[in-house]
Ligand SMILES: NC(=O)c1ccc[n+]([C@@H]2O[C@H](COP(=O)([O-])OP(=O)(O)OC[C@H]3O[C@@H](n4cnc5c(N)ncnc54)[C@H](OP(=O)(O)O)[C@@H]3O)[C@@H](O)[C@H]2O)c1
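What follows is a single chain, given as structure tokens, in the form predicted on its own.
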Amino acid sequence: MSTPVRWGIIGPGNIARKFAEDLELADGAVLQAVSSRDAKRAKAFGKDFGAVSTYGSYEALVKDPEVDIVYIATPHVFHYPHAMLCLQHGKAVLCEKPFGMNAAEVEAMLTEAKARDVFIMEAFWTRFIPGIQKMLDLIQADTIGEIEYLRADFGFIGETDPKKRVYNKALGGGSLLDVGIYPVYLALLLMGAPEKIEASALFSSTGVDTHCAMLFNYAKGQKSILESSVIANTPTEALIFGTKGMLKLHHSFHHTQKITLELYGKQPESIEVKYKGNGYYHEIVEAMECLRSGKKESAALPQRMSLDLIKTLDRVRQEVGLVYAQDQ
């Protein structure tokens, strides 16, 4: 039995439920505490997953000395204040994406974590999905040669109720931060930060972007063609074109379980790569291994990458004119 890691969860919503299901699969993971602004909601969630304690406030959870690390699954705009609350009480943090609403928030979080010598990682599960690691292995083995361009999209039809998260600007709604972050991350993972960004967007009456189209241009001439949408169910695939061939990450590319490798002039090869549980298992294991070994950040998803990601999203938002209250 591995050394137990005692988890707290802030924000017991749908994603937290899937996360808690995967906690049960991780060796040594203990759901120590759950907190919500609604004590009854926290108690119901805790009962479903066998939490040791439940709280009706976030402050009570971060003061619990039995909690080692906190998973933050609240709406986007609350990631920064809730992460800071945890860090200021010496708790390690695994925070849902986007890490913060802008680079200033992320930089403040990372500075606080470093000052307190506490582990922090963005809960970007994509990086730890086995299919994504397989993609990286194929690329690093020069299977498709030098990457020339990437095409990736993520779109779904979002709930249009302006009080709900997707169309609510006060909650950080819109396509870019919600799902556009995935193709942007893939572009960064494969080719680094772009030299130039061109982008345009459609906007709702509530002021959030409903569709965002992006073109990333790189110093060596490569391109990334990226899209996000909350008004269309798009293929949600990624195509990576190299000098020797191409890789297709099948739906949904950000947690793909199927890759097609097609070398030019040869028959396509299908590769199945399954993930465990709901897919969150793999980031849970990474965070726990970091804690057990005393690391303050993940080598696979370093803090520098999360900072580069939010800076790139800031650049896209500047191009399309998408401004949130946190930018003021």
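Keep in mind that this is a model prediction, so the values were computed, not measured. Numbering starts at 1 and runs along the sequence shown.
The protein also exists as the form predicted in complex with the ligand; that form is not presented, and the subsequent description refers to it.
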Touches the ligand in the model of the complex: Glu96 (any heavy atom, 4.5 Å)
yes
Can you tell me if Arg165 lies within 4.5 angstroms of the ligand in the model of the complex, counting non-hydrogen atoms only?
yes
Looking in the model of the complex, any heavy atom of Lys266 within 4.5 Å of the ligand?
no
Would you classify Pro235 as touching the ligand in the model of the complex, given a 4.5 Å non-hydrogen atom cut-off?
no
To test your reading of this chain, name the stretch in 183-191, 217-225, 132-140, 70-78 whose heavy atoms come within 4.5 Å of the ligand in the model of the complex.
70-78
Exactly one of Arg37, Lys47, Lys295, Lys63 has a non-hydrogen atom within 4.5 Å of the ligand in the model of the complex; which residue is it?
Arg37
When you measure heavy atoms, are Ile15, Arg41 and Tyr280 every one within 4.5 angstroms of the ligand in the model of the complex?
yes
Where, within 50-65, is there a heavy atom within 4.5 Å of the ligand in the model of the complex? Residue list please.
Tyr58
